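Coming up is one lone chain in structure tokens, specifically the form predicted on its own.
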């Protein structure tokens, strides 16, 4: 009976332990989603979204089953409140791919590496935490992020990134090359890695063959707050890729595509640790509007219905699989909203993989929603001494943007924020700031609402400019210019490819009165992470081009030539000097006498011996004459004098 009780107690203990583990696992959550969107220039946007969340450590402990341990250690060791890291190859085309939607505002990043982080540490420890964080991320993602550790490589924005605490640091590496060495550690943070789920679609050749790709990691934590409403840590991993299908059905038609033809793979199994795995196909607002016009104009068949109401009789396209549901966005008074078709991959397996296909029926042309102003940046001037940076903004006259605050039609202003950092060797004169509206020069102070300037310091800190412009809503073009001088670098500070030029990181343009988000009829969609993310109000942000500034570059072959000729002269000098000092005169005389004796032939020796015998004198071997001895001494002295003269001339020339 006692054995039965002990077995029962052990069984209850194991059952309670498994229940506690299950409760802890339920507190953690992982979701994955893929959003596909046709683009007007015959390309396709693929946006992967992975979200991992973990409860606060105070309530559920420090051990996690789904949340990556390496990220948890970064958060607690360096006390990171919020962080975003992106690896980008290519540049987002704001004119063709859009600039006024949540994906472009949040996932269109500058080329190279961009990192910003906000810490929950005292003010005097922020720079130290930033330095250690860059080293940890550099080893974690196999990148050169540790180059951002020096104060001349990062800055401290005041308000451009939504934080005014003074504990935020920002840095970028425009020339950082992005390859599979950065993608593999990024995939290891996923619970199923690339072995199951939507991550199976991440075929390396297909991704790096695209026109644009950006892998992003955004971390938000309130682990160090004393509030009971803390949510713990949330990690979002996104991969945005712009691909072009290999199939073409005609010059006018959009190319039809499928997942296997677009990416090269299909989903054969679901990630068992994911609570939801969905694929969404989004048709933008302007595309839906063009489809509705086809019905009204009678260009489609008589039985055609609007784009979002069906599949078989759709006038524009045909999907190979029926969607799980169709989600409609709230539109405005002029146009209907965009439409999302939701598909589930939970039933996919190796015998029936998920491979969605889209076929176009009619040619259609549309445009993506644009930001109020399209910004670009370029250099002015010539030569290696001075120049100017120009930021040009052109109105897009978009009718589909709505302001968040009410404004008077007679006094309408457009607030544009500009954040720009320049390296210390580009010495910007901020007092030369000039503003042009529609080609006419304007007073800068009348149109600048707020500005903060932090001049650069040689080899210590970068130059930072943050400003908010107040432009009239009727403006067509606006331009901003700043003059600068080009500095000089020490020869050790030049990179290996110095003749290519030096990069000035992209400027950040944000519109304070505009937000990009989507609104749906059903409020329950906020429970879906990717749809909840699309409904968040994010500021409209765009990045300018990376500038390539040529600096005065020395002739790196001249040091090689100087070193070569110097080594040659010193070799001749020391070689001759050592030869002259270490040579023994007695041995040389004996060598010369022996040489003279060897030169005498046998007939001469025999005659000399016979003559000595006839005269009754002993025979002596022939010796070197005194003239030969004196000539050898004179030669040795001449060599010493010559070497000393060369040394004196060399010393006098270089003094």
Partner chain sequence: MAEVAAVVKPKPRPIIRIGLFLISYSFLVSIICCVAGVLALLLLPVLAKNTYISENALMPGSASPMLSSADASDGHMFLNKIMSQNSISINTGIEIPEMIGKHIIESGGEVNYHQFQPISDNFHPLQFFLGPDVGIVQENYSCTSYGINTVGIVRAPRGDGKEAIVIVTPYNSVKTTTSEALSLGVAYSVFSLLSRVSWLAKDIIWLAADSRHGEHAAVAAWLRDYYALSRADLEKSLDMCGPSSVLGLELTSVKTNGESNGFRRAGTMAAALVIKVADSSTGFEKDGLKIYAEASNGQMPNLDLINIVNYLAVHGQGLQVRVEKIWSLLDSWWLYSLGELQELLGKVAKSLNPGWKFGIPASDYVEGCATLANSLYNQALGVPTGPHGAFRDFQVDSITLEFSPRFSSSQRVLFLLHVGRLVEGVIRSVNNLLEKFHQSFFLYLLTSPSRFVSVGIYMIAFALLIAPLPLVAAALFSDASKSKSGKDEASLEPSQPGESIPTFTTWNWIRTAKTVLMVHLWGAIVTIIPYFLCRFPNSSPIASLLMWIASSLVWLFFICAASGSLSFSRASQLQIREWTLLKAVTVTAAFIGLCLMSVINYATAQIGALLLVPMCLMAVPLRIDLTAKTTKALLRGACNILLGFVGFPPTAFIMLKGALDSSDRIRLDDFWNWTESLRAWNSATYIYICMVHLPCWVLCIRILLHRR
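Residue numbers count along the first chain shown, from 1. The shown structure was predicted, so the numbers you read here are calculated from the model rather than taken from an experiment.
What comes next is about the form predicted together with its partner chain, which is not displayed.
Contact annotation: residue 497 falls within 4.5 Å of its partner chain in the model of the complex, judged by heavy atom distances. Although the partner is absent here, residue 147 lies well away from its partner chain in the model of the complex, with no heavy atom inside 4.5 Å. Although the partner is absent here, residue 546 lies within 4.5 Å of its partner chain in the model of the complex, judged by heavy atoms. Using a 4.5 angstroms threshold between heavy atoms, residue 156 stays clear of its partner chain in the model of the complex.
Between its partner chain and the residues 363, 381, 166, 455, the one pair within 4.5 Å by heavy atoms in the model of the complex involves 381. A heavy atom within 4.5 Å of its partner chain in the model of the complex is found for one listed residue only; from 459, 325, 328, 244, this is 244. In plain terms, the part of the chain that comes close to its partner chain in the model of the complex, with a heavy atom within 4.5 Å, is 473-481 out of 473-481, 214-222, 446-454, 258-266. Applying a 4.5 Å heavy atom cutoff to its partner chain in the model of the complex picks out 89, 90, 91, 93, 95, 96 from 68-96, in order along the sequence.
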